[in-house]
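A single chain comes next, written as structure tokens; it is the form predicted alone.
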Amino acid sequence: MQSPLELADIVADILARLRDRGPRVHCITNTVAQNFTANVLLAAGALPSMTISPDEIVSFIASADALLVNLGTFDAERRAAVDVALAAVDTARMPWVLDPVFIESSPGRAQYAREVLARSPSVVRLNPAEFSPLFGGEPADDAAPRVAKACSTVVALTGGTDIVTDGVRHVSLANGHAHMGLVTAMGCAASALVCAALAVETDAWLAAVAAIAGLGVAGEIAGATARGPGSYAAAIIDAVHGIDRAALRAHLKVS
């Protein structure tokens, strides 16, 4: 396992590559999340697209570098778009992220999320409430590494402390700010940022660590100047845009 400074440097290198390459990230995401998600991706250096039109999505996937599947708006149009997009991703061998938003509130959505999980996402980014309906059991002790290994994916479990594991490697990240929970689509943007990192880093665990760590440090920096949730939403976009090696070395809290 890398030291905190070594990991900060790895995160900085991945985020720098993201800025240099400007990967395209296609997002099938919920209507509430689209604007904020796009702005976070742009601030990080990625190029977002959001169409869910069945007539267009294959063409958009063909020019993308990674795909986000977010189930926050579980309507028929987006469900159809997910099916078409995942078929295109299989052909292109493209990295993709599953974000099973609010599956704890809908048995039908949870069942669909489990079906999508069986199609082998590179990373699953979720919160503790979504863990049990997707994987079964509670997100405690060795649960996240166990399910990551069983599903051959990376699990990025975000909350008060973020956990990123591939079943063998495991890291806990303790950055962030309380206002992150008061800005809608923060988790959705985190998932999109994981996609962007996957587009420039073939090691899915390192890509997920870089995205989650980068957003957490940016969130901590934004909290120092924001006056409340409204200004915080703008401040974290600014912080994502400006994050650098020095900030990561100074702020990253890892164990």
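When you see a residue number, it is the position in the sequence shown, counting from 1. All of these numbers come straight from a predicted model, not from anything done at the bench.
Beyond the structure shown, there is the form predicted in complex with a further copy of the same chain, which is absent from this document and is the topic of what follows.
Chemist: Only one of A174, L182, A80, A150 has a non-hydrogen atom within 4.5 angstroms of a further copy of the same chain in the model of the complex; which is it?
Modeler: Flagged contact: L182.
Chemist: Tell me, out of T91, S120, S106, S132, which residue has a non-hydrogen atom within 4.5 angstroms of a further copy of the same chain in the model of the complex.
Modeler: Exactly one residue meets the criterion: S106.
Chemist: Exactly one stretch in 91-99, 69-77, 120-128, 154-162 has heavy atoms within 4.5 Å of a further copy of the same chain in the model of the complex; which is it?
Modeler: Answer to the contact question: 69-77.
Chemist: Just to confirm, A38 within 4.5 Å of a further copy of the same chain in the model of the complex by heavy atoms?
Modeler: Because a heavy atom of A38 falls inside 4.5 Å of a further copy of the same chain in the model of the complex, the answer is yes.
Chemist: Please run the contact check for D238 against a further copy of the same chain in the model of the complex: heavy atoms, 4.5 angstroms, yes or no?
Modeler: The answer is yes: D238 has a heavy atom within 4.5 Å of a further copy of the same chain.
Chemist: Residue-level question: is R24 within 4.5 Å of a further copy of the same chain in the model of the complex, judged on heavy atoms?
Modeler: Looking in the model of the complex, residue contacts with a further copy of the same chain include R24, since a heavy atom lies within 4.5 Å.
Chemist: Does a further copy of the same chain get within 4.5 angstroms of any non-hydrogen atom of A234 in the model of the complex?
Modeler: A234: contacts a further copy of the same chain in the model of the complex.
Chemist: Going by heavy atoms, what in 42-72 lies within 4.5 angstroms of a further copy of the same chain in the model of the complex?
Modeler: Read in sequence order, the residues that approach a further copy of the same chain (within 4.5 Å, in the model of the complex) are L42, A43, P48, S49, M50, T51, S53, E56, S59, F60, S63.
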